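Taking the form predicted alone, here's one chain by itself in structure tokens.
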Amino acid sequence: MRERRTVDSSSSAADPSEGMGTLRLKREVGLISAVSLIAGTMIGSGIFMSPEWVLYHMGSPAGALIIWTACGLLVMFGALSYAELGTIIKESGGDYIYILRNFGSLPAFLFAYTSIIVVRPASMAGVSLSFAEYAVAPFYQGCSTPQVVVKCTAASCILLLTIINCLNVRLATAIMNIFTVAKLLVLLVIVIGGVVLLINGHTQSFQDAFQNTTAGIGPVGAAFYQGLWSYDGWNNLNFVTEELRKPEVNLPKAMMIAIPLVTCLYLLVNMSYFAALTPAELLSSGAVAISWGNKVLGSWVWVISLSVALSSFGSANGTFFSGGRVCYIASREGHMPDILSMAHVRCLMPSPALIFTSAIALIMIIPGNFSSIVNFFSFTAWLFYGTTIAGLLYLKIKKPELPRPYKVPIIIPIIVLIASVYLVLAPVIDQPQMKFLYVILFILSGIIVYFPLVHYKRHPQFLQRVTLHLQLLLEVAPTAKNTN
């Protein structure tokens, strides 16, 4: 984790013998792939698993639909704010690079430390477990699925995605595009089924729709957590800015296409669920999409099970594609071991960072379950989202002269910052639990790592030899920024 300088784009003719800055990740992500990355990552297991939990916390169909709408609006505001950040700071790394440029090394390291060790692998583990649940369910009809089978299937999913993403950017984005189209078609099937039911008079769930609505700070915050899990991935494009063609144009454009599309689909899908199932049936379903399929599709319910599995796989691919870049960029900035900032000399993919991320995700599968992963991820994620948005407000107020190809009204990041503070504090105030203290202590434990290894650069002597051996084994070399 030594501090070093990377060669910028103007030094692209550097002598290969210098060893540093001779490789760059290619700009392979166009507008269609950018939309697919956002929408494909957002539409995963959440919309098939979270609706019952949103209803559970809100208590009524109308309250649940309001949460889904508010989540979509909040995510849209957040994405617009991140779009401006991405056009000012044209580097990959998302929140990490924005926190680094605005607040300095230590806060950025704490984000990278938490994200690389826990948040991103936890997200990937959660989506992979969802994929596994639905993928193996048809083989265990009428009985519970053994957890060892679910976890082995989730591990196989992660290993397959590691291979795909280490081979080629185009292969990874092609898979994203194909799976995004497939999952949009599945959601359209559910929407059309709901429209048919409503036309035929299945509106009982919408009568007295506000009855039993919960208004407490804690339950609303918990409902937001579950809803926002389904929207997770809205900022993934910011992690691959250096691989995006014309980022100053395609970054905001992709967000403006993908997020409203997903929000509308989520609302229509939830209305379809309520048309087919009563609130009591939805709360007891365990897998709301399967319960909907049993009522509407009958013997064709296996299509839903297969579709949810494929949707989760596509979402895991998007999460993995962007999540590995955080590790890669943090290493390039000197906050992680040097080997993680290197790319394969032929495939031009950050394979060491991807392999490292997948290894931690595999470990998290062993004790993990969907609900605990969602709660931990949401609390930590919105803590850092708020920090990133505060950086945008700092740039708007202190550095208004910076060139901005895209500019968002200042009221939008203010709203997102207020929402972030609420989402972090609401569950803690309403129902204080030790797990929130553990999260804060884990984040702060990064300080103990930062000062000896990053600030004072006290590295083990053998680390350089290990790096050289890994370079030869993995056929990787250092890379330069691709910001032009």
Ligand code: ARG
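Numbers for residues come from their place in the sequence shown, where the first is 1. Every value quoted in this text rests on a predicted model; they were computed, and no experiment measured them.
Just so it is clear, the following notes concern the form predicted together with the named molecule, a form of the same protein that is not shown.
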Just superimpose the C-alphas near the binding site, carry the named molecule over as positioned in the model of the complex, and say whether the shown chain is open or blocked by the 2.4 Å backbone or C-beta rule (3+ atoms for blocked).
open
Find the only residue in N236, S307, T114, S341 having a heavy atom within 4.5 Å of the named molecule in the model of the complex.
N236
Find the only residue in T180, S123, T241, T388 having a heavy atom within 4.5 Å of the named molecule in the model of the complex.
S123
Which single stretch, out of 443 to 451, 59 to 67, 414 to 422, 43 to 51, brings residue heavy atoms within 4.5 Å of the named molecule in the model of the complex?
43 to 51
Although the partner isn't part of this model, could you tell me whether W229 comes within 4.5 Å of the named molecule in the model of the complex, counting any heavy atom of the residue?
yes
At the 4.5 Å heavy atom threshold, is T357 in contact with the named molecule in the model of the complex?
no
Consider S81 of the chain shown here, and say whether it contacts the named molecule in the model of the complex, taking contact as heavy atoms within 4.5 Å.
no
Is S92 one of the residues lying within 4.5 Å of the named molecule in the model of the complex, judged by heavy atom distances?
no
Select from 76 to 90 the residues with a non-hydrogen atom within 4.5 Å of the named molecule in the model of the complex and write them out in sequence order.
none
